[in-house]
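The form predicted alone is given below as one chain in structure tokens.
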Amino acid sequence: MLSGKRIVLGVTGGIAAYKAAFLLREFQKAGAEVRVTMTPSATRFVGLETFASLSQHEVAVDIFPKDTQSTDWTRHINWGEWADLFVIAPCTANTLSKIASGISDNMLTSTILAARSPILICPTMDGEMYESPSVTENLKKVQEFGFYVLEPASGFLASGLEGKGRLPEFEDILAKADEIIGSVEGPLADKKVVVTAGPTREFIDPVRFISNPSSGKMGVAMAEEAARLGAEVKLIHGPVSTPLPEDIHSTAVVSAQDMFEAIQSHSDADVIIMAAAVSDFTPEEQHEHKVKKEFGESSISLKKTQDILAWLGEHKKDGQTLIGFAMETENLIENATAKLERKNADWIVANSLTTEGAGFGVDTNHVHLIGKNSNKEFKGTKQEVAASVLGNIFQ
């Protein structure tokens, strides 16, 4: 069950923090993607570079980091929506008390409050701490919140004493994580979802075409997120440059007409996500052979392509959710809101080419999710944005 899952690993300031590096590797061997958040105290036991190198992601420690972009303070929201499971191993008595009290004074405890996923706490401490009344009460409280607790193992402790307080064996932690994830049914379970991605190409002759710079990254991220939420996903894509997920059924198309015909055959899906950058125009005439420069005209007559989103809006089934995308260069909110009404969509995901870190070809995005009575803003990697968008629509 861990294969392809997203895990946030929380590391707190106990001697067992060094074991978390090995635990991270075990999660990765099981096929999970792992990101790490640490308390400031944990960094005194293991350096940030260790976890950053192993996870291939920046480690989150401070809510307001001094040496990164100011927008990074929202990372606890992005990660809280991104994760399938939050594992805190080791979890000290200090962090346990903060979780039980709702204190959010660092990135780890803030992400706990923002998490939509199940939370697994692995308490580890020395001496008689685990048996103390306050720890016992806090463990009871977090379990009443719905958090999972894996009891520590017994054995030789850092103080030289023997007792209950050691971090459980890795296989026990992985088994519990696997059990938790396997018991959670996503909000899109038993739903059929169609996602479009990438550009279309409108050929002038066999070697020339009209297109756009879409890489398909946002559409693929939406397809992967829908699958993570339990859906049966069909990905319809143009000529994309981003790798396609192997575990999602996909169909390749070329032109806007090809995409329209493919969509028509799946228009009964429970959810349709039109993330593709479909060409609005196609040449009136497509030449069978390459047009030589000396014989070609200096202008090309164009005609409009089928408006796929509008067609879907006109033929929308009862209970169906239709999500469109809008790429703008000006008046983003106004144009996207008008598109929402005009196309009879339920949601529009709008972004602007003029916004840094958004648009074609990049790994990040900055979008507005616009509904009939809603406008929410999300930014981060395209995977994080996809998690935020679908998490808010299907929460």
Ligand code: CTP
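From 1 onward, residues are counted along the sequence shown. Nothing here was measured: the structure is a model prediction, and the numbers come from that model.
Heads up, the form predicted in complex with this ligand isn't pictured, but that's what we're talking about next.
With the partner left out here, this ligand still marks one of 170-178, 87-95, 279-287, 115-123 in the model of the complex; by a 4.5 Å heavy atom cut-off that stretch is 279-287. This chain is displayed alone, yet in the model of the complex one of 309, 222, 107, 233 has a heavy atom within 4.5 Å of this ligand; that residue is 309. This chain appears without its partner; in the model of the complex, the one residue of 83, 99, 274, 193 with a heavy atom within 4.5 Å of this ligand is 274.
Under a 4.5 angstroms non-hydrogen atom cutoff, this ligand in the model of the complex lacks residue 199 among its neighbouring residues. Although the partner is absent from this view, residue 325 contacts this ligand in the model of the complex, with a non-hydrogen atom inside 4.5 angstroms. Interface residue remark: residue 343 is counted as part of the site for this ligand in the model of the complex, having a heavy atom within 4.5 Å. Although the partner is absent here, residue 339 lies within 4.5 Å of this ligand in the model of the complex, judged by heavy atoms.
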